[in-house]
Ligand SMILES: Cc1cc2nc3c(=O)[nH]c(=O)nc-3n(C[C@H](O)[C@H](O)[C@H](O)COP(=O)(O)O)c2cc1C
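There is one chain below, alone, in C-alpha cells, taken in the form predicted alone.
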C-alpha cells in the first residue's frame, strides 16, 4: 500500500484539499446533521456527507434543511445529488454551493428501485452520454469540485466501468468513488476490488474505493489491492460513528484504536437519542431506535436492552432505560 497523501481537487476556481483519506458515505436515513456531529468527534478532518438529496425536490423547495444546515457545521461536508435532468442538477448544485457545500457529488450508483426507475442513481450507468452531460454542465455551473460515485456497471454482462469512468473524467469529474459491485448485485456477494484497481490504473484523477470495508484491516487490504487514493465507509459505520476516525487513526499512525466500551456505547446512544428528541420531538425516538439497536451491541445484557428500547413507548421511557443501564455499568 502506498503512503496516503492529501487529495487536491482544483474545482472551477475554488480548490479543496481532502486531508483525511477515509470518507463517510452518504447514508439515507442515517447521515443527518446529528449523526455527522458524532462522527466528527473522532474524525475532525474527514469528508462527511449529507443524506442523498433529490435534485428536483431541492429545486422545488423540498428537503432544503439538508443543505441549509451546512453553515452550522465545522469541517468538510459534501452534498450528494441524484437526478437525470441536467437543469435540475445544475439548480440544486448551485443551491448547495451557496449553502456551504465543500463539494458536489453526483450519485450514479444507488441501486434502490424507486430512484433508478426514474432515471437517477445507478440508471445513469446505462446512459453514459447523459451521465457525461450532467457532469459537464454541473462542473461549469459551480466553482467547487464535482465528484461522482459509481458502481461497476448495471450488470456484469454489459458493464465497462473503465470506459464509463474515463468518460466522466473527460467531462470534468475531479474524483470518482467506485463501489465494487454492479447494480444488479445490490449489496450481495463480494466487492470486486480488482475491478476498482483497473479503473485506478486507467484514470488520472483520484479514485476512492468503496465496498466491504468494515475495519482498518479491510481498508489496508483494499488499498493494497486497488492502489486507490482513499476509502469510503458506508454501512459498517451505522451505529459506529467512531469508525471513520478509528480506521483513519490505524491507517496513518499504525496504532490500535481502542473502540468504545459498553458504558461509552450506552452513553453515546443516550446522547444521540436526546439530540434527536430535542430536534424532532417524539418522532426523534422513531429515528433513534435504529441507531440504538445498532450501537448497543457486543456487551453483556445488550440483547435485553435492545429488546426493551425498541418497545419504549415514548422518549422518556427510552431515556430511563439507557440511564438505568449506565447505572448498572458503573
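Numbering follows the first chain given and starts at 1. Quick caveat, the model's predicted, so the values are computed rather than measured.
Keep in mind that the form predicted in complex with this ligand is not shown, yet the notes after this line are about it.
Engineer: Could you tell me which of 274-282, 57-65, 301-309, 25-33 sits within 4.5 Å of this ligand in the model of the complex, going by non-hydrogen atoms?
Structural biologist: Only one stretch qualifies here: 25-33.
Engineer: Are all three residues 169, 200 and 206 in contact with this ligand in the model of the complex, where contact means a non-hydrogen atom within 4.5 Å?
Structural biologist: Checking in the model of the complex: none of 169, 200 and 206 is within 4.5 Å of this ligand.
Engineer: Evaluate residue 187 for contact with this ligand in the model of the complex, applying a 4.5 angstroms cut-off between non-hydrogen atoms, and reply yes or no.
Structural biologist: Residue-level check for residue 187: yes, a contact with this ligand.
Engineer: With a 4.5 Å heavy atom cut-off, would you call residue 238 a contact of this ligand in the model of the complex?
Structural biologist: Taking the distances in the model of the complex, the answer for residue 238 is yes, it comes within 4.5 Å of this ligand.
Engineer: Might residue 52 be said to contact this ligand in the model of the complex, defining contact as any heavy atom within 4.5 Å?
Structural biologist: Residue 52: yes, in contact with this ligand in the model of the complex.
Engineer: Contact between residue 107 and this ligand in the model of the complex at 4.5 Å, heavy atoms?
Structural biologist: Residue-level check for residue 107: yes, a contact with this ligand.
Engineer: Please identify the residue among 153, 234, 245, 76 with any heavy atom within 4.5 Å of this ligand in the model of the complex.
Structural biologist: Flagged contact: 234.
Engineer: Taking this ligand in the model of the complex, which residues of 146-162 have any heavy atom within 4.5 Å of it?
Structural biologist: If the 4.5 Å heavy-atom criterion is applied to this ligand in the model of the complex, 146-162 yields only 149.
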